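Only one chain is given next, in structure tokens, and it is the form predicted on its own.
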Amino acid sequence: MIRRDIPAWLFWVLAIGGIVVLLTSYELVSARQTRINALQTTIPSFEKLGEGLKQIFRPQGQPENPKPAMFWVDMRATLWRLGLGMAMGVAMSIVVGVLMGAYRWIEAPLSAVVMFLSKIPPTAMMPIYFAVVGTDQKMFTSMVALGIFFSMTQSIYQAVRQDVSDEAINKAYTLGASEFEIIYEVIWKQILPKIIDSIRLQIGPAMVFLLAAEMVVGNAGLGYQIRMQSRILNMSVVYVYLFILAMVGLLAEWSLATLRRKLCPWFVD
């Protein structure tokens, strides 16, 4: 029946089984392609993926003048751009979204504009970023920040309007609370779980925007390296980088879910 619970041991057996089936299927497809073409690199075996893993951690440059491994250079560039852009986008979204939900005179001029701009794919606006901001760190940061700003502002604004009742606000006024106290004690604490969930939902889109920009104009970063390695069909590195991207997303997702449980123990999904 729908949503009927299953034993915990069965759940984990099925979960592990799904991963085993995926990995086994991949290796079988790789072996089949290798039998067809012994030189194929489009679906590398696990042995080749291991070689790709070694390659990204191998120091670059000459032995007498070694440089950091490819992995550290690319990860540092991508994570710095992603972290800074998301921090700016989240901060702006919280301020504007809360104010729009709290004050009708702010909602009126901004709601239509935010809704309209949220429908424009940020990747389609890359030429505008190139022309206005350039192709340096500012462009990557701006693209991530503005890419998540409009949709996240909408979700926060809707959370304020729908999850915070007029009754709670009126009671706070009756008890003598100031507007700042109402925004912090009533509105902020009520919508904090939704804000954290909204950040979780924006991690994937933010990574898409950033990787697209790195593939086009980057000279370092995961997107740049994926583009360069795919040009020479070095898919053992490309697949390893895709796995790393997935792990970064899962780690961020788990961290935010843990943070929500710590800060908002009363909230139930």
Partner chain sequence: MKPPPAVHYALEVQSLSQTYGNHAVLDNINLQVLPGQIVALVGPSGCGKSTLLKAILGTHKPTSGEVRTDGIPVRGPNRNVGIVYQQYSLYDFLTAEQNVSFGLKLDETTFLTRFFTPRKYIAKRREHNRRAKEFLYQVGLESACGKYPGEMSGGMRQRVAVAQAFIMRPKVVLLDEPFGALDEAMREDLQMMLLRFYQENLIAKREGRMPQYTILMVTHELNEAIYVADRVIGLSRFHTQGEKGAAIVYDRPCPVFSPDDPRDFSKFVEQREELRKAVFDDTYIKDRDKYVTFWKELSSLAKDVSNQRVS
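Note that this is a predicted model, so its numbers are computed, not measured. Positions refer to the first chain, counted from 1.
Another form exists, predicted in complex with its partner chain; not displayed. Remarks below refer to it.
Novice: In the predicted complex, which of 142-150, 164-172, 117-125, 83-91 comes within 4.5 Å of its partner chain (heavy atoms)?
Specialist: Comparing against its partner chain in the predicted complex, the contact stretch is 164-172.
Novice: In the predicted complex, do G18, V237 and F243 all reach within 4.5 Å of its partner chain through at least one heavy atom apiece?
Specialist: Not one of the three qualifies.
Novice: Examine Y184 and determine whether its closest non-hydrogen atom to its partner chain in the predicted complex is within 4.5 angstroms.
Specialist: Close contact exists here: in the predicted complex, Y184 approaches its partner chain to within 4.5 Å, heavy atoms only.
Novice: Residue-level contact is defined here as any heavy atom of the residue lying within 4.5 Å of its partner chain in the predicted complex; does R76 satisfy this criterion?
Specialist: Because no heavy atom of R76 falls inside 4.5 Å of its partner chain in the predicted complex, the answer is no.
Novice: So in the predicted complex, is its partner chain close enough to K138 to count as touching (4.5 Å, heavy atoms)?
Specialist: Flag for K138 set to no.
Novice: Under a 4.5 Å heavy atom criterion, is P265 part of the interface with its partner chain in the predicted complex?
Specialist: Heavy-atom contact with its partner chain at 4.5 Å: present for P265.
Novice: Please tell me which of A177, V95, V133, I106 lies within 4.5 Å of its partner chain in the predicted complex, judged by heavy atoms.
Specialist: Contact with its partner chain in the predicted complex is made by A177 alone.
Novice: In sequence order, which positions of 69-94 have a non-hydrogen atom within 4.5 Å of its partner chain in the predicted complex?
Specialist: Nothing in this stretch is in contact.
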